[in-house]
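Two separate entries follow, structure 1 and structure 2, each one form of the same protein chain as structure tokens.
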Structure 1
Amino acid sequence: MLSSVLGTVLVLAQTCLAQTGDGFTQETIAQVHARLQPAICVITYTSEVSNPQSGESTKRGGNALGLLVSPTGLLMAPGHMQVENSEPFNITVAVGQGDEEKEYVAKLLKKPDDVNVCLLQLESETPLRGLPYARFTSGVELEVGTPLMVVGVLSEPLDFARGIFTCRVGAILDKPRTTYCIDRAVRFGFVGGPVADAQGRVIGVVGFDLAVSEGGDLYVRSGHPLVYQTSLFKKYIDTPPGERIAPSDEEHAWLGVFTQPLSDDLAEYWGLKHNGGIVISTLVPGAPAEQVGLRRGDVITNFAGTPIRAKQDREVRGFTKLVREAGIGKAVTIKLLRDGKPMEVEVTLGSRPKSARDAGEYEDPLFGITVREITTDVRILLNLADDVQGVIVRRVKSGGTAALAGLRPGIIVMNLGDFPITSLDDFRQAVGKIAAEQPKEVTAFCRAGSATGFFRLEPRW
């Protein structure tokens, strides 16, 4: 009898030693880590970050975790690689570790609209086959308290070693879709990492939703780490999207309005029902909206058969997306309220004009300044009348002639020397003529905010 009891105690003790306090056995942790760490990569890239108001852009280096999801080099990465006004390029991916590490160039594929992940494809002169990759399990429903294990990348001082951390499902949100919240913070190198349950099944990846300012739209739960379950992205693995189109090459339909949501407070003030809508705050001169007689203060309630019920700023993006994807040249019916009375108009959508993000620019080494053409969106944002012509300063070289004269990004150059400036070509030609004459001093007549004045430039010939 005593030996039987001692045997039972010994078995229980062994079980307790094998079971860690986070709900995983040591064996499961070791197996999951060994299976997934070969599929985890380190992505290095450069981003060009644009200021939509001034058109000024800066270049920044970055890195992120990449996860191979197919044997032919399809890669999944955190969606924050590509956000509003930030475009990654020069993308390289380090696959493997130590002496087995191999570096590939990668191309960015079209980003999904409904889940904040990026997809990339490794490029190689020979077909890629047999790469290690993560295999996901679909249909696993989690509960509050379910233990989870995440595999990721440690920091550069730790040689990007593949590590783990464990956590639990801290909360479950039901709307607008099932969302699993993690109960602890996530280090940067684990964002995008694969998530396994206590049975060792890989059931998703760690992610963060986009904030509205970053381009978030329908599913915005920003600021808290989430589990993107397999069902959200499996279709993109099974059928990868096409190659990303450069923003400057995209063509979108355009109505030509600046808008805001019809909040309950605004509806109350105007004596309207609290049904939401899109309020027109500004019309672009000559745009489709102005041509059919839309006015400031009109409340759009239906666009091409789709009810519009925006009450919050983040919901305006849904309307913008509807317009953008409706089709250039398409005639659509818009239902609206004007002074509380229902109206209906038909408008033919135009093509979105060039934006600050796509504007042409000219880098002048003589004065150490880069200028950009003034686009329609910048003109409206800066409240520039049509008679204000010129080019807008994008960058100023430190210690250069323009910097010493006090020029800075956002200033509009309207005259350079004796030459009026209305375009990039005017500016380029003016610089060429000034360089030929080599005067001791050149004056630039500029606009800074609502003020105008002269800047004295002293070139170093």
Structure 2
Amino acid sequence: MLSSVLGTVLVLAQTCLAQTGDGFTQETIAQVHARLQPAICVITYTSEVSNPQSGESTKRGGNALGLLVSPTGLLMAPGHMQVENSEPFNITVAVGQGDEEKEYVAKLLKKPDDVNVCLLQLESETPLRGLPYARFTSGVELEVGTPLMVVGVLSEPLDFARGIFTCRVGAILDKPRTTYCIDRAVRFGFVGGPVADAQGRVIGVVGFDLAVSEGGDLYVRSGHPLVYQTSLFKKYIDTPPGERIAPSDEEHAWLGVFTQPLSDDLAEYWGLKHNGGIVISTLVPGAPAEQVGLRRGDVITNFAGTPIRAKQDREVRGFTKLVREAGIGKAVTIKLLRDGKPMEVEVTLGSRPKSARDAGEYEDPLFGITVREITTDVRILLNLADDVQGVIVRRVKSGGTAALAGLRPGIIVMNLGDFPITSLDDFRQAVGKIAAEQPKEVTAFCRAGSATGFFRLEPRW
């Protein structure tokens, strides 16, 4: 009896010795590392981040982990590479390490809207084949405590060496879909890295937030790394999306409202029996919603045949997406509650006005100033009245005429000399006429914040 107990203890002790704390043998870890690390590459890119308020944009370099997912050079990368107001370009990808390293140029494909990853395709003059890649396994169900391995890259000072770490499933979320949380912090170079289980099967990649359409950045704030299961992105690997279309060419349908969800408390306050909905909180002047007489406080319960049941902020995104993709110029029926009574309104959707990101710019070398047209989003952001017309200063050249006069980004130029400015063309023409006359001084009438004032420019002819 005693000896059999001892035996069990001994066996246990041996198992413990052979395994790490996370339940893998050293051999398994080494195998997974060796098998997956060739598929890991390092993406280098430049991104331009624009601030819609000031109109200023800054360029900076970035790195991200890339995971080859096909032998012909399809690559997956973390979704943060490509976010609102930040456009990556000059993308190169280093495949392999040391002497084996080879650099490719890559193009960005259209970003999936239901999972927060980026997809890229390596480019080459000769067709690519036989590249190392990670093979995914679908349909593996995990439990809390299931041990996992993640492969990724270390930081730049460590030459992006490929590394591996072990962890476990720390929590399982069931909304909006089954999502596994990793039980520890993940270093930046491991975001987007493949996740393998004890059998060495690659069951997903490390991600942080859900896609925007699912409520997105809520999870960024939580700081909890997630596993994007294979099933989420399998379709994109099977049929890669087309090349990303520049946002300026992409048109979205537009209703022209700002909204909030109909929480149970709001429903109860207003005495509405309805379960969820979208409350119109602000109407954009002149937009389709206002034109058909929608009002603040209207509760949208059905949009073009789709019932709307938003109760929480993140559920509003679904409505936003629904409108965006409903089709420009299309007439849709909106069912709503006004003062508790059901109503139906037909509205023809407009097209979403150009945003600051796509706004036209004019750079004037004479005054050392770059100005931009005032777009609807900037008008809302700066809370400008409709009668405020002009162009907004985006940049001034240090030491230039505009800078010396005190003009700075964010100021709206409404008059230049005797010329009223309502568009970039007006500004361009005004500068042209001023240049022909070469006056000693030119007065600009401007708006800074809610106040107006003059700036006197002294051009150096």
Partner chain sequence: MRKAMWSLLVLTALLTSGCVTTGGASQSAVLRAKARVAPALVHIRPVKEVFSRGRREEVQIVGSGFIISADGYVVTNEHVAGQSKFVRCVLYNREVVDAEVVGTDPYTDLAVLKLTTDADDLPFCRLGRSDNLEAGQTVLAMGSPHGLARSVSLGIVSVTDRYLEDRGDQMVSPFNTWIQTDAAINPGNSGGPLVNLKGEVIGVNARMLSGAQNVGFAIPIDIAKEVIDEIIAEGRVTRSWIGETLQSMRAKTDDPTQKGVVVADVDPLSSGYEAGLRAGDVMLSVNGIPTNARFEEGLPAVRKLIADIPVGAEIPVRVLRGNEEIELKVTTAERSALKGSQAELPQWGFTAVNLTPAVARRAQLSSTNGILVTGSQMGGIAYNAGLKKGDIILRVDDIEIENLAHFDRVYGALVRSKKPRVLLDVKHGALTRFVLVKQNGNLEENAAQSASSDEGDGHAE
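Bear in mind the structure is a predicted one, so any value in this text is a computation, not a measurement. Just so we're on the same page, rigid core means the largest C-alpha set that superposes within 1.5 Å between forms. Throughout, residue numbering runs from 1 along the sequence of structure 1.
Remark: the form predicted in complex with its partner chain is the source of structure 2; structure 1 originates elsewhere.
A movement of the C-alpha atom of T146 falling short of 2 angstroms is seen between structure 1 and structure 2 when the two forms are aligned on their rigid core.
Fitting the two forms on the rigid core leaves the C-alpha of P71 displaced by under 2 angstroms between structure 1 and structure 2. S231 is not among the residues whose C-alpha shifts by 2 Å or more between structure 1 and structure 2 once the rigid core is aligned; its shift stays under 2 Å. Core-aligned Cα shift between structure 1 and structure 2 at A267: this is 4.5 Å.
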